[in-house]
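Listed next as C-alpha cells is one chain, alone, in the form predicted alone.
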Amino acid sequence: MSIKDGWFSETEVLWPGQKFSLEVKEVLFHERSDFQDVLVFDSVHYGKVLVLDGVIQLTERDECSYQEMLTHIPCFAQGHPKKVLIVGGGDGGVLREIARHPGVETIHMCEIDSMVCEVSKRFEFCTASAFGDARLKLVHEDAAEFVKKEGNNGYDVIIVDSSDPVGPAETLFQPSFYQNMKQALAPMGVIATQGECLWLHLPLITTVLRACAEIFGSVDYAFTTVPSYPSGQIGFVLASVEERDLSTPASTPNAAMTEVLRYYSPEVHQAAFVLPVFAEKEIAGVRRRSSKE
C-alpha cells in the first residue's frame, strides 16, 4: 500500500518522475481482486478516493469534470442517443450521467472487475447512484471480447471509461478494439474513450488518433481538467463513422439536467476541442475533422 506517514502517493506507471499525493483520514477498503489492487480511502480534502493498482481513478471532489465531459460530449454530439454502451466505468460515474438523459432507453455496461462496482456501492461513492436504473444491463466480462461478440448492435453512443493501457485495460487501446466498436455503432453513432494526458502521453495519443483515422470518418480530441489526475488534465478520443463536427453539440441539456451539472455546458463542450499550441501541432495532422468546418 502506497501510504506513508498519513499520505497516499500514486505509483509511477506512465508518468515517471512525478507523483500526486493526498492526505489520508481513514483507509476504508484494501483488497486484491482477480484483476487488480483495489484501495478505497477517505481523504482530508478530496472526499472518498478510489485507487486501482496504485493509481487514482476518482476523488469525490473533482470527479464531475471527468464523468460529465466523457459522457455528455459524445451524447450531445450524437444528439439524441437511445441505446448506450459503457465499457469499464465500474465506479458508476458515467452510468450516473447517462441516466440523466431522459431519451436513453437501453444502457449496457461491461465492467470486467465486479469488485470495483461493489466497493463503489458499498462505500456510497457519489458516482454510484444509478446502478438500480431499470434501463441498465450490467455484465462482468472482458470488454474487448464483449464488444466483438456484440457485433452490429446499433449503439448510438459507446463510452470507454478505462484505466491506463496497462493490465486489464491494455486491449482497450488496440486498433482491433476500435474496429469492433465501429461495427457495434448505429448510423450516426459516436464513441468516446479515455484519451490520456496531453502533457505526458502525446506520442500515445497521436498513435491512437492515427489508427482511428484509418477506421472512422471523423476523429477528434478534447480535454478536461481534473486536479487529482496526472498533470491535472486528461483527454478523450471522439470518433464517428460519418464525417461530422463532433465539437458542436447537436442538442443541449434540458432544464432538469442543467440544474445538476457541475462542469459540462454546451460552451465548455466546444472549448474542450481547442488545444494548446504544442498539442495542436501534433494532433492536427492525425485527427479527421469534417471538411465543411
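For clarity, every value in this text was computed on a predicted model and none was experimentally measured. Residue numbers here begin at 1 and follow the sequence given.
Below, we refer to the form predicted in complex with another copy of the chain, which is not included among the displayed structures.
Q: Considering 248, 33, 252, 225, which brings a non-hydrogen atom within 4.5 Å of another copy of the chain in the predicted bound form?
A: Filtering the options by heavy-atom distance leaves 225.
Q: Should residue 268 be classed as touching another copy of the chain in the predicted bound form when contacts are defined as heavy atoms within 4.5 Å?
A: Answer yes; at least one heavy atom of residue 268 falls within 4.5 Å of another copy of the chain in the predicted bound form.
Q: Just to confirm, residue 274 within 4.5 Å of another copy of the chain in the predicted bound form by heavy atoms?
A: Output for residue 274 is yes: heavy atoms within 4.5 Å of another copy of the chain.
Q: Look up in the predicted bound form whether residue 19 has a non-hydrogen atom within 4.5 angstroms of another copy of the chain, and give yes or no.
A: Yes, contact at 4.5 Å.
Q: Evaluate residue 27 for contact with another copy of the chain in the predicted bound form, applying a 4.5 angstroms cut-off between non-hydrogen atoms, and reply yes or no.
A: Looking in the predicted bound form, residue contacts with another copy of the chain do not include residue 27, since no heavy atom lies within 4.5 Å.
Q: Check 71, 210 and 282: does every one of them have a heavy atom within 4.5 Å of another copy of the chain in the predicted bound form?
A: Per the other structure, none of 71, 210 and 282 touch another copy of the chain.
Q: Pick out the residues of 57-77 whose heavy atoms come within 4.5 Å of another copy of the chain in the predicted bound form.
A: Heavy-atom contacts to another copy of the chain in the predicted bound form: 61, 62, 64, 65.
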